[in-house]
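Presented as structure tokens, the chain that follows is alone, the form predicted on its own.
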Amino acid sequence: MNCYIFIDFGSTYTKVTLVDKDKEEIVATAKSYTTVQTDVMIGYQKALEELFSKVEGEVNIVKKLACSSAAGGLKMIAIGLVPELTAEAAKRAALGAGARVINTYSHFLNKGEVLEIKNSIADMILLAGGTDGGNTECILHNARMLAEYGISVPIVVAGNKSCNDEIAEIFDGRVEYYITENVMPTLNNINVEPARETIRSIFMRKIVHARGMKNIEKEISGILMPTPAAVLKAAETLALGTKNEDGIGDLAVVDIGGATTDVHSIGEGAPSKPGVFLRGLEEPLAKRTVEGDLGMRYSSISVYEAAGKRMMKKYLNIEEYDLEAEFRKRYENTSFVAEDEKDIVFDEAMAKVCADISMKRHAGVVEAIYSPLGTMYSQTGKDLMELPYVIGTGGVIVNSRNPKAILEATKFTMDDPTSLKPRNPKFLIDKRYILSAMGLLSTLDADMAVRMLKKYIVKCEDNHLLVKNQGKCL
């Protein structure tokens, strides 16, 4: 059989998926610990051995494609003019490209900030500032500062196009730079896709080599993008479909991991109620947010800090636990696997907190404004109240006995009446961890990716997973 192999070099596991190209079926999946501290080839070969032990008959591998978030994935710094505008637009472009934004700067950089940037662990910098034809002073000042201090990582320039020639002169021979379209060409209107594509192309050529992936090159057809970008691509493909295949419409993906919780949403997020006007920066159709303080293991202490006893009490009988000790146990032993009932219940309560807070931060808010004309309402961010689907992925959801209960925490409640979280979505589960693989497949055959996503994303209902016709539930 003719097959594709899709590989996800994750921060914890290397996951491989074998897809029958002709039958459009998942033949097998496997995973092994990502051995980034020694040689990623070791974990990769172990995962392949497990994969092929599950396969009968001859396999002709047509292509091998990969995504990666090993060694922390792609770490970026975003720089803009105004925090709420170009700096925010730059941050969104970086997040949409699959990066983890470790810091955001605005206005004129000072010496201390540039030294902070130089000594950071960033793999790349996104430099923005000014609308086209607007302010030039800030981005030119920041470009000079970055050049003078010998910044050694690639810089993507996505600001006022009137400054591009001058920035090229400043950087030429001193800094590795790439110029692309402005992330905010006009006020409040964002244009993130050109910057995202530039970031991804640099990632493919350079960052993967710095992560000890050089030996993998001869084994695969290419490392195309960071893993979060592949998941976002899959979500976009499933939602929007193609010219030949219908998508399922607007959706969100909640990915609860050991270190972060990512939320991806596909949809305009326009007001669902009449009489509400939009305020603030335009929202991208495909949006990703990353909550670095919400994770099941590496960030467990910060989950406790974000939730506190009050929110934990919402999802757990806290009288039965020493909360601080439980969170610290998971933080100090990141490979901890919940096996007894008490630990499983605690983990699922943590997951509900992560789902609740991450969706709240991702969704927009609506606020009442009192004027001489009466009460008016303004919306900031996306309105997800009528969102039809929420897809759950990540180990704690995929392995849960009751994934619906975790995803229920993403829904709107009157505890926070200004939030625009989903009111009554249907819940779907990425039971076989195929989202990143399908994001990669969409670069080869988007029609096939849509069909397979609709075939294998299964419906979550009550206390079990309903699997009909081998997962064909949509």
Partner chain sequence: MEKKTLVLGVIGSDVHAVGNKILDYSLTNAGFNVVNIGVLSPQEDFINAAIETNADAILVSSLYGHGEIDCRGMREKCDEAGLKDILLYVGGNIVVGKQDWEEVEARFKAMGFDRVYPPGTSVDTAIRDLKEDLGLE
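Everything quoted here is computed from the prediction, not taken from an experiment. Numbering follows the first chain given and starts at 1.
Although not depicted, the form predicted together with its partner chain is the subject of the following passage.
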| query | finding |
| --- | --- |
| Stretch from 259-267, 341-349, 306-314, 179-187 whose residues place a heavy atom within 4.5 Å of its partner chain in the predicted bound form | 179-187 |
| The single option of 137, 386, 166, 217 touching its partner chain in the predicted bound form, heavy atom within 4.5 Å | 137 |
| Contact assignment for its partner chain in the predicted bound form, among 133, 249, 222, 194, heavy atom within 4.5 Å | 133 |
| Touches its partner chain in the predicted bound form: residue 124 (any heavy atom, 4.5 Å) | no |
| is_contact(residue 157, its partner chain) in the predicted bound form, heavy atom dist at most 4.5 Å | no |
| Close approach of residue 129 to its partner chain in the predicted bound form, 4.5 Å, heavy atom | yes |
| 4.5 angstroms heavy atom contact with its partner chain in the predicted bound form for residue 357 | no |
| Members of 76-98 lying within 4.5 angstroms of its partner chain, judged by heavy atom, in the predicted bound form | 81, 82, 84, 85, 86 |
